[in-house]
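Consider the single chain below, provided in structure tokens and representing the form predicted on its own.
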């Protein structure tokens, strides 16, 4: 099982010369041959001075990653087709700033950050989502070219226990509205008698059919919903069976749209799935519970 955090140790950091480092080695070799050929003391001095600088840069590159703590951070849920952003927290417990720390995923640089002494920095790893359910964070590496770019120090591939919840892709707003009824599950009835008509507004998916102004629709004015000033209002049921005979994914897509529109309209709405039922309610928590149930629906 993958951990949700890892600390880079000596056996987890590797170092090899970069292309610039190889060119630097060729230049040093040419300088050394010239110094030997001409027996020039200054050439010897310059060659060994530059070689010493290269050796020291290896130590700094290794220290820039050593004991760096890499942990999973928050990843907000997204809808299928959107980009999920996995939070990766890099924690530096040492007294020195770590400069030029790079996150690479699938051979592409994602972020390059400096981590202050005894501080943490969170970077976002973008991953496209294609299907509902849980999306795992892909393996990535932490590397650095500090201080001179002559050597690349990198970690082995890090696979954290980090995942993002992907909701079904919402259907278009113009799909057929679902069946709805009162909170008790009865058939829809007329608006409560004590409510006063307050005008029309554009139709939103999830509006009770009994509140739709069919006369305005017959006059070619489009779908509008009647608004009432009274407090009595039916709750809306969003039901799996309302979208038969569509396939499972199409139903989930339409139910997702219905949840979003009902929440946006300020309605109390319930959700009925074959093995789950959520009583009518509203608010961010209820919305999240309904969308999570749709995302993880097993059919």
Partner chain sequence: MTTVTASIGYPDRTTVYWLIATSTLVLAPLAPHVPLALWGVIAGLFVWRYAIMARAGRAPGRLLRLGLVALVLVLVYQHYRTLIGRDAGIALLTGLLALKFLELKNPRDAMLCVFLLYFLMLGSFLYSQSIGLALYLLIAALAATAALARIALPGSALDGRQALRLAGGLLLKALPFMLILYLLFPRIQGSLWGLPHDAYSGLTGMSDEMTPGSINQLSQSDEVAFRVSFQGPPPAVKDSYWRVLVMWDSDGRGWSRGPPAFWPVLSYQSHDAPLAYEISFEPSNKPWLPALDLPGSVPDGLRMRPGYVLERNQPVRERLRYQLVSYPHYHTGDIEPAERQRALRLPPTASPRARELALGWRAQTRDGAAIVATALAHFRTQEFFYSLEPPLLGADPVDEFLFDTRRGFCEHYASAFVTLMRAAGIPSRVVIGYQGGEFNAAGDYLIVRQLDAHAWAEVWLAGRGWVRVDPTGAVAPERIEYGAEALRRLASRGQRFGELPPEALSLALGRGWFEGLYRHGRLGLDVVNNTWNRWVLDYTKERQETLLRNLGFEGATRTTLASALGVLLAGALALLALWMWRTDRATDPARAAYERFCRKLARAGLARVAHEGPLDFAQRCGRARPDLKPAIDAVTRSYVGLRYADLKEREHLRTLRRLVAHFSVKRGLA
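Numbering follows the first chain given and starts at 1. All values reported here derive from a predicted model rather than from experimental measurement.
The following text describes the form predicted in complex with the partner chain, which does not appear among the structures shown.
*Asks:* Just one of 235 to 243, 29 to 37, 270 to 278, 253 to 261 has residues with a heavy atom within 4.5 Å of the partner chain in the predicted bound form, so point it out.
*Replies:* Result for this chain: 29 to 37.
*Asks:* Is the gap between residue 5 and the partner chain in the predicted bound form 4.5 Å or less for some heavy atom pair?
*Replies:* Residue 5: yes, in contact with the partner chain in the predicted bound form.
*Asks:* May I ask you to check whether residue 66 falls inside a 4.5 Å heavy atom distance of the partner chain in the predicted bound form?
*Replies:* The answer is yes: residue 66 has a heavy atom within 4.5 Å of the partner chain.
*Asks:* Residue-level question: is residue 285 within 4.5 Å of the partner chain in the predicted bound form, judged on heavy atoms?
*Replies:* Contact with the partner chain, no.
*Asks:* Verify the contact flag for residue 41: yes if a non-hydrogen atom of it lies within 4.5 Å of a non-hydrogen atom of the partner chain in the predicted bound form, no if not.
*Replies:* Contact with the partner chain, yes.
*Asks:* For this chain shown on its own, do 83, 136 and 156 all sit within 4.5 Å of the partner chain in the predicted bound form, going by heavy atoms?
*Replies:* Heavy-atom distance to the partner chain in the predicted bound form: none of the three under 4.5 Å.
*Asks:* Which listed residue (219, 172, 130, 94) meets the criterion of a heavy atom within 4.5 Å of the partner chain in the predicted bound form?
*Replies:* For this set of options, the contacting one is 94.
*Asks:* Taking the partner chain as it sits in the predicted bound form, which residues of 144 to 162 have a non-hydrogen atom within 4.5 Å of it? Please list them.
*Replies:* Sequence-ordered list: 145, 146, 147, 148, 149, 150.
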